[in-house]
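Okay, so here's just one chain, in structure tokens, the form predicted alone.
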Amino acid sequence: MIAAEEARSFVLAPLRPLAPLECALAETIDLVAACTVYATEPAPSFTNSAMDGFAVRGSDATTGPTRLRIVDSVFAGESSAVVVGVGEATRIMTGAPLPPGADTVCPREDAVVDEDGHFVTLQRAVVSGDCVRQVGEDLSVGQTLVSPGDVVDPALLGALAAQGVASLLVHPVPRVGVLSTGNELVEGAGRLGPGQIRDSNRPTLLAALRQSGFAAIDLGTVRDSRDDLRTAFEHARTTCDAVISTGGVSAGDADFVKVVLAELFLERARSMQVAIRPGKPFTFAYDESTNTPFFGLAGNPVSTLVGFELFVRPALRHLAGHRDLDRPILSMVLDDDLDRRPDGKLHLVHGVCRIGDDGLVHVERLARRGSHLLFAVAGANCLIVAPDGAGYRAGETVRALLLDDRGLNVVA
């Protein structure tokens, strides 16, 4: 057996991010930039008011209250040429350019206008520069807006739009094909024949891919046939950026996935027994000509999910250009004992975690363990990493991958 880190290193070593594409800015959310973009305009581009109120000379209102004559009004999208002189004020709206002579804005709620509308009394002292947005306060010309590897979030997208950027060079989302192998697999709600089971791995993986932001492609089921598998893999290498198969990687007489991948990719393929539970059998192959990785995961459904988290998802994020490949790993407090026996393996245990009244993350429930118990891990939002040993007692701290932050702050 080999350590999980060795298997992971073998997977990641040959991969390179997908070739970047120029995409319309609106389509780049959550994608990874493959270029550098510099600000061409200061932001804000002109000095403007942060509040509805009155533009004044700060030196006129160092003590309060102060009565000033209103000489003009200015709205957002307009400008005023009227100079604010000593003892004067201009009505101003949020976002409007500061009129000449003014350097401060007094908010409307701190001012009282005379009945005739010609004078305003500032109810408090102001400090020069109050409620004013200065030129370049957010961005200066030449400042780096985007660097390769940056993920486009809504704020960054908005900042780019404010600079007039219409498109961006980004790494595309990987298109990931999923196929299940096995003569026993059927689909649909019809009556099962002797020894048949309905395929759950493919729907599970397709859903996991979509939840992680990848493009999922359903490649169907393939029988345990070397010729059929070769045909399926040959087709997938030309239509997908990555391929995941389940089953056919163990030591059975009909486990042909590892055999076919070795025939196709020679030294770029490796069949492994990884020191983890569940998910020990794992095969990886790499098509150097197309930069396409092939992941052969164990056929038991929980093993499939574990293999996806440990090996597949990080590799797909690497293809997408991400710097951070893994889910967050947090320290969590166990509310129940986690029993295990020393066996030379790293155990991966699904659980449900919440933030407790003490502000710490607690694992409040452990899933029943068994590589075939798929429903048992439904709703799990963490995957506990339990090194070889005798396990943990309630109250001890463990490290776990945070699979989903929904419900994390709900205290049971």
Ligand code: AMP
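One-based numbering along the sequence shown. All figures in this text were calculated on a predicted structure; none of them were measured in a lab.
The form predicted in complex with this ligand exists for this protein as well; it is not shown, and the discussion that follows is about that form.
A.B. asks: Please check if Gly247 has a heavy atom lying within 4.5 Å of any heavy atom of this ligand in the predicted bound form.
C.D. replies: It does: once this ligand is placed as it appears in the predicted bound form, Gly247 has a heavy atom within 4.5 Å of it.
A.B. asks: Verify the contact flag for Ala232: yes if a non-hydrogen atom of it lies within 4.5 Å of a non-hydrogen atom of this ligand in the predicted bound form, no if not.
C.D. replies: The answer is no: Ala232 has no heavy atom within 4.5 Å of this ligand.
A.B. asks: Is there any non-hydrogen atom of Pro301 lying within 4.5 Å of this ligand in the predicted bound form?
C.D. replies: Result yes; Pro301 sits at the interface with this ligand in the predicted bound form.
A.B. asks: Quick one: is Asp110 in contact with this ligand in the predicted bound form, heavy atoms, 4.5 Å cut-off?
C.D. replies: No.
A.B. asks: Quick one: which of 76 to 84, 309 to 317, 234 to 242, 196 to 204 gets within 4.5 Å of this ligand in the predicted bound form, going by heavy atoms?
C.D. replies: Every other range fails; the passing one is 196 to 204.
A.B. asks: Of the residues Asp103, Glu184, Asp72, Asp335, which one places a heavy atom within 4.5 Å of this ligand in the predicted bound form?
C.D. replies: When this ligand is considered in the predicted bound form, the option within 4.5 Å is Glu184.
A.B. asks: Under a 4.5 angstroms heavy atom criterion, identify the one residue in Asp287, Asp255, Asp130, Asp150 near this ligand in the predicted bound form.
C.D. replies: Going through each option in turn, the one that passes is Asp255.
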